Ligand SMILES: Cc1cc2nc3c(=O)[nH]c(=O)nc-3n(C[C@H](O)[C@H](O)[C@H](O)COP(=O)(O)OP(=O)(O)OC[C@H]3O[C@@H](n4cnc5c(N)ncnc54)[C@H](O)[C@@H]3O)c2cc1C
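One chain comes next, on its own, written as structure tokens: the form predicted alone.
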């Protein structure tokens, strides 16, 4: 079986978007290929006329502190993320999320851009980035623009940008400040299915008294798209993270999410039982880290 007819390997972002735009037929972007190639082989994705391999574009492999933001290139692999000291300092939830993706062989080649662009409601890299209020940099032949990451998802496997003419090239999120911390956790089946039964990432900022001044929570799958728990966040803000706050936050979160039964992973009822467990683990860890 032929997976593609034409293979392009651009050296720059400008070349890459030109390769997308002038493709004579169907076109797909590849970096690690751990999703696309397997999907084609297993019949979940049609063979494509042109593949654009972006793994050689240096700008998309950078991790850097730029003023008050951390920049993360879309072609950075999960292995590089979990071993990067800058990300360990400023984005511990991303390090934890990417450290649980696949096995060592997958993490060696799979990229954070691939995880996000696959647009799964429970993508571990995606959920962890959402907790950091991440923006995504999208390139086209008209130039580059920044968008809130939460806005690019249209449904399972679907995005709001034009895959034929536009390309995710990187991400940025605020650098970690004083009294801030983040964490990620998930629940998996012991074997057989790589997607989480439920995952969650959280970020907190404490005030001088140790109460939660600000908070962000993301979890999945909690609907057709990666999900921010806005109502739960609003309740937690300005409160001490104590038993009473935890119990009410659990109630609000349970009402806010949209969980469903999956024949291959878990029932809706079981996922609801996991919500308070993950909420406590993630926010407990984030609060403790914010105190350091």
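Numbering follows the first chain given and starts at 1. On a predicted model such as this, the values are computed, not experimentally measured, just so you know.
FYI, the form predicted in complex with the named molecule isn't displayed, but the following is about it.
The contact residue chosen from 176, 205, 163, 79 relative to the named molecule in the predicted bound form is 163, the criterion being a non-hydrogen atom within 4.5 angstroms.
Contact annotation: of the candidates 266, 257, 249, 29, the single residue with a non-hydrogen atom within 4.5 angstroms of the named molecule in the predicted bound form is 29.
Proximity to the named molecule in the predicted bound form, taken as heavy atoms within 4.5 Å, picks out 104-112 from the listed stretches 216-224, 104-112, 84-92, 143-151.
The named molecule is not drawn, but in the predicted bound form it has no heavy atom within 4.5 Å of residue 232.
Contact annotation for residue 33: at least one heavy atom lies within 4.5 Å of the named molecule in the predicted bound form. Residue contact check for residue 134: none of its heavy atoms lie within 4.5 Å of the named molecule in the predicted bound form. The named molecule in the predicted bound form is not approached by residue 172, whose heavy atoms all lie more than 4.5 angstroms from it. Contact check at 4.5 Å (heavy atoms) against the named molecule in the predicted bound form: all three of 38, 60 and 118 pass.
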